[in-house]
Structures are given as structure tokens and as C-alpha cells.
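Heads up, the chain below is alone and in the form predicted on its own; it's given as C-alpha cells.
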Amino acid sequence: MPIDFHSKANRYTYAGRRADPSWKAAIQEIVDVRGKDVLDVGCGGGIYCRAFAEMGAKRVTGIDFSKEMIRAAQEKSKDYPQIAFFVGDALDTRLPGSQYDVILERALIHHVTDLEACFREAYRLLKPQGVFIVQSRTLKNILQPPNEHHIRGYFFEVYPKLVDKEAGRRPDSQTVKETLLKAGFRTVDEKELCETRKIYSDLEELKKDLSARTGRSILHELTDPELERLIQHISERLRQRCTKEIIEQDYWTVWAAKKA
């Protein structure tokens, strides 16, 4: 069944990692966040809010519809006085308009029921000339072949039914660009991103992470026996290739739109 973002059991599933320097560098190529007011919509446990603070943002606001995620974000961000978190809806945040220089929606839009309303809300919240960054996976990203770095690829190799699940919820690039323009944005740039997700000291650490379904909502579509079969398959594949640390990478598409 789908992940329950409101469950206490899942409070920390999107809170424990650190954003990799590869992500920070990619964002910095789009916009210099130093001294800026930044909003992270669908912030989860605040991983990327903390990254923005480390990149020099003046103020960072994180908003998520899950009280449990926000509790984890507040706990993990207690040493970052420039970050504030709120519970709210991406389609109607109830935050004041024209307040933010940069807005990020990472790994969010496949959960959104009304994409245009989501983008219109981001447009309302941005200052003039503000930058809206959408980071999501298209089917092209998802169907990259599996290997010792692209661990996610094995999910779809073992369970093709998960491809159908993703196809039903992942908007393609053209849809994203057209919807951004409908929402009022005038320029939309697109780039591909290979982001280092996490570095594991060994295979056992990766298996533990997979078993807990940490930060991978798609794995909640599998039963426990199905997940065990998947982990066994990955273990067999990686034992042939990995003798030490495992560098996991994910493929993404990033759209950057500017408010006129």
C-alpha cells in the first residue's frame, strides 16, 4: 500500500540524509541562494532546507502537509536558526505572497492532484524575478538501467508492475513545461541531474536502508515478502561488483522557471 506520510512510524524516513555536494552544485548553477529567502514546498524532514542554509540562504522556510515530517525536520534542524517549518498544503500554503526569491519543489509533484494549482501557488509566493525549481523523475529517468550506482533501477527490473505505478503518477517533461507556462511563468529551462543520494560503507548498510524503505515511497507498494525478494536480488547483483563502499545515485529532471 502507499506510504502513510502521517504515520509516526515514518517520521524520519525523509530526515536522516544530507544533501550531496552534487545537488548543491547543480542548484548553484541555476541560482545563487546566498542572502536569499528560500521556500522548500514538500520539505519532508528538512534535508534540503538544511542544505540551503549551508549554501548561505538568509532565511529558509519548509512546509509539508505531514505533522510527523515537520516534527522530524524541526528536531534535525535545531542548530539552524535561519530555518522555520510549517504544516501546510502545496496547493494552498496560506503563506503571504511575493515573499520568496527561490522556491524548491523536490520529489513532490508526483504526489500532487492538481499540478496547475500547485504551480500557480508557487507563482503567487515568488517575488518578481524569483526562481521556481521543480525536481522530479520522468519515466526516462526511472528506466535508466540498474547498476552498482543506480540501485533504484533494480526495483523495476524485478517488479515491472512498479513501472506502471510510476507511469500513472509521473508527468512527462512536456506536461511540466506547459503547466508552468499556464501558471504564469515566462521562461522554463530544463536539465538532467545525476544526484548522489547516499554513500554506504558496505552492502549490509544498503540492505538495512532498503529493508526500512527509507526515503523510497515506491517500496511501500511492495509486500514484505516482495521487498525481501528484491533485497536478495540486489545483494546477489552487487556482490559481484562491489567490494567496498557503494555510491548510490539517482537520475532526475530539473525545471527552472522565472517569474516575470
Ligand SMILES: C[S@@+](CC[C@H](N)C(=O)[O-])C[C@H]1O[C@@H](n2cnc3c(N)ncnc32)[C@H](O)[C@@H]1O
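Predicted, not measured: the structure shown is a model, and the values here were computed from it. All residue numbers are counted from 1 along the displayed sequence.
Although it is not shown, the form predicted together with the named molecule is what the next lines describe.
| task | Give a yes or no on whether every one of Gly88, Leu108 and Val112 sits within 4.5 angstroms of the named molecule in the predicted bound form by heavy atom. | result | Yes, the whole trio is in contact, each within 4.5 Å by some heavy atom.
| request: Heavy atom within 4.5 Å of the named molecule in the predicted bound form: which of Ala26, Met55, Ile47, Ile234 fits that? Just give me the one. | output: If I apply the 4.5 Å criterion carefully, the residue I get is Ile47.
| task | Spell out, yes or no, whether the shortest heavy atom distance between Phe5 and the named molecule in the predicted bound form is within 4.5 Å. | result | It does: once the named molecule is placed as it appears in the predicted bound form, Phe5 has a heavy atom within 4.5 Å of it.
| message | Whether Val38 contacts the named molecule in the predicted bound form should be assessed with a 4.5 Å heavy atom distance threshold; does it? | response | The answer is no: Val38 has no heavy atom within 4.5 Å of the named molecule.
| field | 4.5 Å heavy atom contact, Gly62 to the named molecule in the predicted bound form | value | Gly62 lies outside the contact set for the named molecule.
| Interface stretch in the predicted bound form with the named molecule - options 224 to 232, 202 to 210, 64 to 72, 29 to 37, non-hydrogen atom within 4.5 Å | In short, 64 to 72.
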